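Quick heads-up: it's one chain on its own, the form predicted on its own, in structure tokens.
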Amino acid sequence: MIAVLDSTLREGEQTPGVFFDSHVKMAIAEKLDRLGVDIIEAGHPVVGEEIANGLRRIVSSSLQARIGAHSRSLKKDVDLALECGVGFLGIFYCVGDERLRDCSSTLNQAIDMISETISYARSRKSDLLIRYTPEDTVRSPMENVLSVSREAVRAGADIISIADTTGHLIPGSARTMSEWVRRLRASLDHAGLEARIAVHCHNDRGLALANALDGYQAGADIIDASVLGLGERAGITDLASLLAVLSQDFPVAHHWQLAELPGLYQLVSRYADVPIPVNHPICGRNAFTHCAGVHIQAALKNPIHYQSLAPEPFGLTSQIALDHMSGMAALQYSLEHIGAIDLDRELQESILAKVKDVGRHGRTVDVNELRWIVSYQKEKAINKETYVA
């Protein structure tokens, strides 16, 4: 079974301008837990006391998900995270040649430091789930990554994360997540070592979800994601899109309560002050809304004609939009919805003309406005008849 790590409360707070107060973090964590994510990465406590306090509160709430923290490859970071009571610790350190030179370090020195930090964390908490991430994995020399990963597992790491830190990978090209997953798995197997493989994909090229799924198909065990794809620069894999594809298209055995997604997205959007795009694949206002007349006419008979995902698993329903693209089928459906039945054809056509006019001004007509239009057009028709008589 694939596991999902949500990093909204850690990576998400690296979105410029995004900060969640402790009580908001708690509310988000509770919704993530009801959704059924496996790991909630709830912060990097060394950044500040408020983050550490928020992390402690989430840990103390006895959620089903494992609660984790981010940590540099430093014992003081490990100590602070463990003082917060976490059950998961993500330790990171880059082993790219340029970064090693900038840090005046050799690969062997880096491996020794990383191994020592992991061993220390394991000695402090025997049941701690430890992940090691060679930051900027996919732009680092493959042999550097494989060497440090083997030693990290020997030191006590349970998970090795392949981090596409800059959104560098492109499925189907010469640089793919699937190749990294296969090479890492083969290296660990050859050394007689066991560890789960995670993938952390950034969205700089708009390919985070594609790269995450590429890693999954190659055998990755854990995928990182966040609500709205929040994170550094263009963010990371979007949680709702990931769960939709995994649950509906592969499908995988899971325990996710997908109907929790819309409420979770509304909560995060409000307190991150980041709007949900109207065309967001699952939680956007238009995700299951039909507009063009031909589409609506077919969708009213059978939604599958213009939907490849059903809205019901996500606690949503298909919607009809009334605007300049609308036809009579959409109008009649909407009139029935508001109880405006037995209207003659001429009146319906006048209502449709008004709807189209509103739509040409860049708005859709909601049910309340439709009621007003119906009333107005009825009154116009009565006055016209009176005037003619």
Ligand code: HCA
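What you see is a predicted model, and the numbers here were worked out from it, not measured in a lab. Start at 1 with the first residue shown and count on from there.
What comes next is about the form predicted in complex with ligand HCA, which does not appear here.
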Discussion item. Among the candidate stretches 111-119, 125-133, 183-191, 279-287, which one is within 4.5 Å of ligand HCA in the model of the complex when only heavy atoms are counted?
Written reply: 125-133
Practice prompt. Find out whether any non-hydrogen atom of residue 14 is located within 4.5 angstroms of ligand HCA in the model of the complex, and reply yes or no.
Written response: yes
Worksheet item: Going by a heavy atom distance of 4.5 Å, is residue 25 a contact of ligand HCA in the model of the complex?
Response: no
Discussion item. Taking ligand HCA as it sits in the model of the complex, is residue 73 near enough to touch it, meaning that at least one heavy atom pair lies within 4.5 angstroms?
Written reply: no
Item to complete: With heavy atoms only and a cut-off of 4.5 Å, decide whether residue 92 touches ligand HCA in the model of the complex.
Response: yes
Worksheet entry | The unique member of 153, 264, 242, 163 whose heavy atoms fall within 4.5 Å of ligand HCA in the model of the complex | 163
Fill in: in the model of the complex: members of 191-207 within 4.5 Å of ligand HCA, any heavy atom
200, 202
